[in-house]
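Single chain ahead, by itself, as structure tokens, in the form predicted on its own.
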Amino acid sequence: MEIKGIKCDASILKSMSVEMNKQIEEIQKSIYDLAGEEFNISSPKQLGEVLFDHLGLSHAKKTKTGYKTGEDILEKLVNEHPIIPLILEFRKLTKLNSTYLEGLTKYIMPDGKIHTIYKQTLTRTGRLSSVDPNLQNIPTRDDLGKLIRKAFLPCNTEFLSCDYSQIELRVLAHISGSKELQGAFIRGEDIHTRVAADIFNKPMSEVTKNERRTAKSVIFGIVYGISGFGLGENIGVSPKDAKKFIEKYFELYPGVKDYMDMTVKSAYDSGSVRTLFNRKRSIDELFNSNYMIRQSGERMAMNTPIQGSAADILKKAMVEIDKAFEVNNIKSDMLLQIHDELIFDVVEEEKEKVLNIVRAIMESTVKLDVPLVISQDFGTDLYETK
């Protein structure tokens, strides 16, 4: 995958950068007009002085070097002054421009491709990491950021993306033995809607988008060992209400609570946790004298068997797909691994065959108590493929 590389069109990145620079200049001018002065928007010190000294906005928090102007502070000020949304937009666009539009261009080799490097031992959970450049980090949520994916093109006919659907939650359902959670996956229900229906005590058909979003935050918050305070921040409710959501979830899915408690206890006893494939991770944080570090150790203990097992499953599938391609003399290539997703550069006449091989292997590489399911998509560039 590293040697094969992925084609990246520098001219597409360049034209996008020109357009983005125009937008950045317009936003910068609007910010200066609202501030009544010109200053370095990218300087936290100068920005803090403009916002809190000159404009007199609230939530001022001072450090030795000046006011705090992080995203968390600015988000609280969004409705207080029209300059704030513009600053957030300015930051987003300048980051997209420097990190991706200008940044990726530097990595395009003479063959017109980017050859990322995959690290097997960078993350402690066992996930593959992409560096120089990080191609696992290309924006997928932000509409403008997603356009960057248009610059990535196939060398063959088109891309195929195969993505595990909610693999970490399926692994949680399996290792926790929660019959309620397993039942939802076996019935093919949307797990977030199912949990929302249970938490809010209503039929699945009546669950609102907001309730589903809340349930999703609760589920993933629990998987990552989040506190009531942390969850409250994420979903915009008080820590007390967030704690009630967590308690309600554990009440509805007692197997998950038992698994969490048992895993943390076992980690304290042995100083480590293991994935489904018996891969071991030592957690020294559990024995730190600092309470906050011990807490983070407990979160690692809860999450590693889930995230680590998901990483193991994907790697196992990758090895099996590679072997199957060799046996079947497949000309298509596996190009990228992005978290739970594999990207292939597919030859036209092999489309169906490649999809069938990849689907069969990814969905059967491991036998869990719940089905492994993938979603797939074809596209003529990386943007179209998702």
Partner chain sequence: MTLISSLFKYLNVIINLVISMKKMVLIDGNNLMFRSYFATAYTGNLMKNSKGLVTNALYGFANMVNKVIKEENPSYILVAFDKGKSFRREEYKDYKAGRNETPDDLRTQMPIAREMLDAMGIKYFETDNYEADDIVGTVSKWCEVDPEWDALLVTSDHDYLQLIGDGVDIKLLQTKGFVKYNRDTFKEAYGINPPEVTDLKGLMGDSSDNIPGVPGVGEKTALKLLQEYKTLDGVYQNIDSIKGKLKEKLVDNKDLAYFSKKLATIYINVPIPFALEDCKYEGPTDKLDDFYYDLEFYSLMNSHKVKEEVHVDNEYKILDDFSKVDKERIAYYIECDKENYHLANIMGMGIYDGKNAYYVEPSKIQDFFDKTLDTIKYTFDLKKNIVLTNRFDTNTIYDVNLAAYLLNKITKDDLATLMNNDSVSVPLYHDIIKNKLDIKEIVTTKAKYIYLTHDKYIDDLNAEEMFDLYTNIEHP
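Since the model is a prediction, treat every value here as computed from it, not as a measurement. Positions refer to the first chain, counted from 1.
A second form of this protein, the form predicted together with its partner chain, is not displayed here; the remarks below concern that form.
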{"property": "Contact of Q307 with its partner chain in the predicted bound form (heavy atom, 4.5 Å)", "result": "no"}
{"property": "Any non-hydrogen atom of I293 within 4.5 angstroms of its partner chain in the predicted bound form", "result": "yes"}
{"property": "Exercise: Y118 in contact with its partner chain in the predicted bound form, heavy atom 4.5 Å", "result": "yes"}
{"property": "Residue contact check: K280 to its partner chain in the predicted bound form, 4.5 Å heavy atom", "result": "yes"}
{"property": "Among the candidates K92, K202, R124, K179, the residue which, in the predicted bound form, approaches its partner chain to within 4.5 Å (heavy atoms)", "result": "R124"}
{"property": "Of D269, D132, D261, D143, the one that lies within 4.5 Å of its partner chain in the predicted bound form (heavy atoms)", "result": "D132"}
{"property": "Contact test, all of M109, D284 and S289, partner its partner chain in the predicted bound form, heavy atom 4.5 Å", "result": "yes"}
{"property": "In the predicted bound form, segment of 240-248, 94-102, 272-280, 170-178 with a heavy atom within 4.5 Å of its partner chain", "result": "272-280"}
{"property": "Its partner chain in the predicted bound form - contacting residues of 133-169, heavy atom within 4.5 Å", "result": "none"}
